[in-house]
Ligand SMILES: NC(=O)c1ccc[n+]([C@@H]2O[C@H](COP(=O)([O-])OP(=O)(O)OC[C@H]3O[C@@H](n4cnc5c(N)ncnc54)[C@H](OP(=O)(O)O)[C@@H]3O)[C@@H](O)[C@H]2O)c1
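Take a look at this one chain, the form predicted on its own, written out in C-alpha cells.
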C-alpha cells in the first residue's frame, strides 16, 4: 500500500458509524478497495462504486484479498461472536482498528491472539456528519506507518487525538463519547426553562437548538478559549451575568458535571471488565 494508491480495507459492520467512515474514505481517496461485511448489505451511498464489494462473512472474502486494515464497527455486544472468525487474518501487516466502546486491547488480543496488531478508538456520534471527536490508543505492535494510516482513516469523520495510556479511554468515553447526550440534554433543559419563563414550547425549543448549535459553531471557528468567549458575551450587571451567577455557584453546574463525568467514567471501567 502506498499513499497514492490508498489502503485495502475490510469493514466489519456498516451501520451509521461504519457507513459514515466508508463515505469519508471514498471521498478522500484513502481507500483503494473496501470489502464490507454486513447483513444489511451496502449503503445506498456507495452503490455502484467499483472500489466497494460485499461479503457475507470472514469465510467469503475475495480470493487473495489481504487487507491493510480491518475496521471493527459492529456493536460491542456482538463482538464476542463476530471476532474469532477473523483470527486467521492476523498478520504483522494488518492492523485491527476498533471503534467499539468498552472493548479493551487485552480483549482483542485474547480473541485474536497475542500477535494481533490493534488500535482501539473511541469516536462519538457527530462522526455521522463528519464532525466527530475520536481518541485512539495503539498496542505495542502498531508500527508508525500503521498508526498514520489509522489516523487518516479516523480523520474521515472528524478530529483525532492519540494517547499512550489506555486507561484514559474511560474518562474520554465519559467526556466526548457520552458528551453529545449532555449537550442534547442542555437543549432540552434550556427549552423547558424558556417555557417556564413564558415562551411557547415550539419557540423555546427552536431558540435552544439554534443557540446551542450556533454557539458550538462559533467555538469551533474561533481561536479563543471557551472562557474568553463566555466573558465576551457577559456584560457587567447584565442578564447573562445574572444567569451565570446561578450556573457558576458552588452548587451550580460544575459540581454536577464533575459528578456526571465521574459516574460515566466508573461505568466505562465496569463495562470494560
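As the structure is a prediction and not an experimental result, all values here were calculated from the model. Numbering follows the first chain given and starts at 1.
This protein has a second form, the form predicted in complex with the named molecule, left out of what is shown; the following refers to that one.
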| Triple contact flag 68, 118 and 152 to the named molecule in the predicted bound form, non-hydrogen atom at 4.5 angstroms | no
| Counting only heavy atoms and a 4.5 Å cutoff, which of 155-163, 137-145, 186-194, 94-102 contacts the named molecule in the predicted bound form? | 94-102
| note | Assert contact residue (the named molecule, in the predicted bound form, non-hydrogen atom within 4.5 Å, options 111, 199, 82, 174) equals 82
| request: Verify the contact flag for residue 9: yes if a non-hydrogen atom of it lies within 4.5 Å of a non-hydrogen atom of the named molecule in the predicted bound form, no if not. | output: no
| task | Flag residue 179 as yes or no: does it have a non-hydrogen atom within 4.5 angstroms of any non-hydrogen atom of the named molecule in the predicted bound form? | result | no
| task | Check whether residue 24 has any heavy atom within 4.5 Å of a heavy atom of the named molecule in the predicted bound form, and answer yes or no. | result | no
| task | Look up in the predicted bound form whether residue 132 has a non-hydrogen atom within 4.5 angstroms of the named molecule, and give yes or no. | result | no
| task | Determine the residues of 67-91 with a heavy atom within 4.5 Å of the named molecule in the predicted bound form and present them in sequence order; the list may be empty. | result | 73, 74, 75, 76, 78, 82
